[in-house]
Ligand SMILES: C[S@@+](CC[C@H](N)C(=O)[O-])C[C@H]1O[C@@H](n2cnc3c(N)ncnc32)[C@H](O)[C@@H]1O
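In structure tokens, the next block holds one chain alone, the form predicted alone.
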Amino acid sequence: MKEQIAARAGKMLSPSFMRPQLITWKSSRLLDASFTPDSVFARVSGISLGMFDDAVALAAKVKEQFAGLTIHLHLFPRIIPEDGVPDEVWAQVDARREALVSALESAGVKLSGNSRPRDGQFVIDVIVGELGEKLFLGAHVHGPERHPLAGALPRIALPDDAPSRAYLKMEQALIWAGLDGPKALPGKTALELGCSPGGATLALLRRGMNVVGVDTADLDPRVVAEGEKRPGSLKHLRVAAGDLFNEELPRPIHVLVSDMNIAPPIMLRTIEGVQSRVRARVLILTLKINDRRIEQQIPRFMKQIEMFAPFPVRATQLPANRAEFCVVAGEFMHRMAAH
């Protein structure tokens, strides 16, 4: 993250305060809440408004900064385990949220009643650390490239019957892409490259999609059983993704998915070839970062994707990602209305 931001901002930003999963920079010029660091490793970003001992002091600062405006409140824990925040931690966060909402309302701050922020709305980010740690306050302006949930953290866990963590990554990607609304995906068709053992396939099937999975390896029996609940909703092509041109595919393909465990240069050549054939409206891709050389080529990979993918193209490191990041390209026309 530090290298990406340095490449973009040069000497304007210099690293300042650092704790696990929280980094701040000092700026040589005044920034507003619409500023973004443009790093795939920054899930949430905004301007820092300081650290506060309690909710009352924080509310006073918010009142001073956003007097007369209706703001959206995001409160989330600083430490994020890769397999999701435990329920007991969320319970503690929710209790602190109630106290914070009370303090904000007592201070005269107008809070949005919507479950998700609207484009152009100010969002205050309150980060809860470990016991005894001060509340950290930041702010950003919500937009299509921003995650709609507090801390970019969907409150979902890996189901016991999911055959792999790809289930969690897919659910997180769909929410970030704004494709989790009840009308967004049912009845549409996904083409998934490298589908075995079927974690992402299972998530897509449970979203009501029809899935064409491509992999020479087997799907987990639980995924096959899920497909049998809606006959015809799951088709497994036992071929390598590079040999897909010899296979008959349904039309249209709405979503092209890939979490293939191969180097990004090879993966992107394969994806480009498949996309030239199927013209999917949405791409959800996981790119592996196997070494520092690959990490430094991320800007080039993004430009390459923009050459063949539908617009817009966005990238982030999802909470469940490890040495990898997620790219979502394109959108459905009713994406925002599906909520």
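Throughout, we count residues from 1 along the sequence that is shown. Here the structure is a predicted model, which is why all the values come from computation and not from measurement.
One more form of this protein should be noted, the form predicted in complex with the ligand, which is absent from this view; the next part is about it.
With respect to the ligand in the predicted complex, the three residues 198, 214 and 262 uniformly fall within 4.5 angstroms at the level of their nearest heavy atom. 288 is the sole member of 43, 288, 314, 63 with a non-hydrogen atom lying within 4.5 angstroms of the ligand in the predicted complex. Interface residue among 121, 189, 164, 112 relative to the ligand in the predicted complex, by the heavy atom within 4.5 Å criterion: 164. Picking from 253 to 261, 72 to 80, 92 to 100, 128 to 136 the stretch near the ligand in the predicted complex, with a 4.5 Å limit on heavy atoms, gives 253 to 261. In the predicted complex, at least one heavy atom of residue 240 sits within 4.5 Å of the ligand. None of the heavy atoms of residue 154 is located within 4.5 Å of the ligand in the predicted complex. Although the partner is absent here, residue 194 lies within 4.5 Å of the ligand in the predicted complex, judged by heavy atoms. For the partner-free chain shown, nothing in 17 to 45 comes within 4.5 angstroms of the ligand in the predicted complex, judged by any non-hydrogen atom.
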